[in-house]
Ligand code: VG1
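First, one chain by itself in structure tokens, the form predicted on its own.
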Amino acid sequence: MNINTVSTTAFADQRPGTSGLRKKVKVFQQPHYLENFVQSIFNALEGFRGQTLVVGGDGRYYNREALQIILKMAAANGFGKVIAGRGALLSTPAASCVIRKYKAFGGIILSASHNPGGPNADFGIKYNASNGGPAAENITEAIYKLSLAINEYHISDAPDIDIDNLGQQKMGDMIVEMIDPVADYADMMEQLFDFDAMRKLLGSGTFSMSFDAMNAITGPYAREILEKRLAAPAGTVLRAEPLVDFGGAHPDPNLAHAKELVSLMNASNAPDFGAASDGDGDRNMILGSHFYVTPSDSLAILAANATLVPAYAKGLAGVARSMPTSQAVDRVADVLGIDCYETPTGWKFFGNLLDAGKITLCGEESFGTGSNHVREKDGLWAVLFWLNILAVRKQSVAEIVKDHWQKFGRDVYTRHDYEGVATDGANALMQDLRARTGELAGQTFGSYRVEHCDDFSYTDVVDNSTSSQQGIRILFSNGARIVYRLSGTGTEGATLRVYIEQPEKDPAKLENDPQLLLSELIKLSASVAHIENYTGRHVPDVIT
């Protein structure tokens, strides 16, 4: 094997976002583009020579080609071993599991998560550290700075290897081991949950469920765990085959993009339990028969019922949520007498808290929930957590949620997304809100009085690092909130997310439609930020 040093020119657009670098496939296919970014990752790291790197992805278009390039670059840069998922497949939570189990130096995950796939759609790449979690901001910033100055990269001239069969192969001095992408993760799930109770529930003849894998990575995992190890009937897992373009569907598990499952769960003969996961397996949506569970409520309910699950039977060290996530889990933490941390959006912010043992469960409103078992959010884990609770409590999803509201109150919550808006307009909107935070405090809008307004800043309690400009918060005297932030997960234009929340304890209103209960706040959220003026949109694209 010869090592080639290739001269290159830097690209100016390789700053990683909250979940790595995401661009259109055709951008990554440009000569040197992927190679530049991978070399910038390696240049930002120290002490990896002879160490193990984990690589895998969500199966989207260009995953297989990217894996071969990364293998050759890892060999040329001195890694001793690469562990990769067979077929270039490895869900994001499974990659975290594998990094941690085999004590790897780190990992490269090939995914654009819930973004569409295909030759004209999206691709992504991110680096995860030795704890299995997304790289810290100081590393991603170093990668970006190095990408601006790069002038060469190193790659071997070795032939492509067989990535479709298990076992070890050699690439020069480096070992490449292709592993079953499902086995390690499935074994871990069996250690966390009460599989006997879940197996009994699924085999009772009186309970049914449907899991929509959305033609994405979670299909093989769900088939192995739900249909094989838990003996759920064949066909429980829908759209189970990972496809490079996700079958032309949008692999985002929400009410707008999982319409088939939503229709099934609202039918006259609906299953008792429905769930879905996204492109790379780290998100989840939970449904009961004719009942939708918001991600914020889901996190709170998992925390309130954690002791029913073997892995968490001794209780929780603490919980954490992203700032835009509703305050439902805060109320649970208050009752349990444990700490609740509010962090910026992005799973990497939970990593320090998990590593320090300060929290056990964490989650964000964008359909992500997780715990200390890995350092990523984990869609199928959340589904199994719910299934375990259902098996123990022997109540329906709706009954469990309504009981929770009666005990803790309800944080009525919605998120309005304005997708693909002009970046300049979205940035101007945020800049205008930021400039008016001081003057908004104390103002009254209808029945709402602004108690506080700020641009959220976070100081990490473990390493004292700070993150500023994480979203505009308008906090009202009655406990209601409106939050505005721009999402970093898209590849075209900007996505403005508006989060609207209000506590409700009136038993007569607990089950009302959030859009009805929040109607005044929804109108206020649009008018205060002048959304139509800045974006040209008078209604959101997606409501969850």
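The first residue of the shown sequence is 1; numbering continues from there. Since the model is a prediction, treat every value here as computed from it, not as a measurement.
Keep in mind that the form predicted together with the ligand is not shown, yet the notes after this line are about it.
- Proximity to the ligand in the predicted bound form, taken as a non-hydrogen atom within 4.5 angstroms, holds for one residue of Arg481, His32, Arg64, Arg497, which is Arg497.
- This chain lacks the partner; the member of Thr535, Gln14, Ser525, Thr18 within 4.5 angstroms of the ligand in the predicted bound form by a non-hydrogen atom is Thr18.
- Contact check at 4.5 Å (heavy atoms) against the ligand in the predicted bound form: none of Ser96, Arg321 and Ser371 pass.
- In the predicted bound form, the ligand sits within 4.5 Å of a heavy atom belonging to Glu364.
- When contacts are judged by a 4.5 Å heavy atom cut-off, Arg415 counts as touching the ligand in the predicted bound form.
- When the ligand is considered in the predicted bound form, Ser487 lines it closely, a heavy atom lying within 4.5 Å.
- Taking the partner from the other structure, the ligand in the predicted bound form has a heavy atom within 4.5 Å of a heavy atom of Asp280.
- Stretch 112-120 is the answer when you ask which of 379-387, 304-312, 112-120, 183-191 has residues with heavy atoms within 4.5 Å of the ligand in the predicted bound form.
- Of all the residues from 323-345, the single one having a non-hydrogen atom no more than 4.5 Å from the ligand in the predicted bound form is Thr345.
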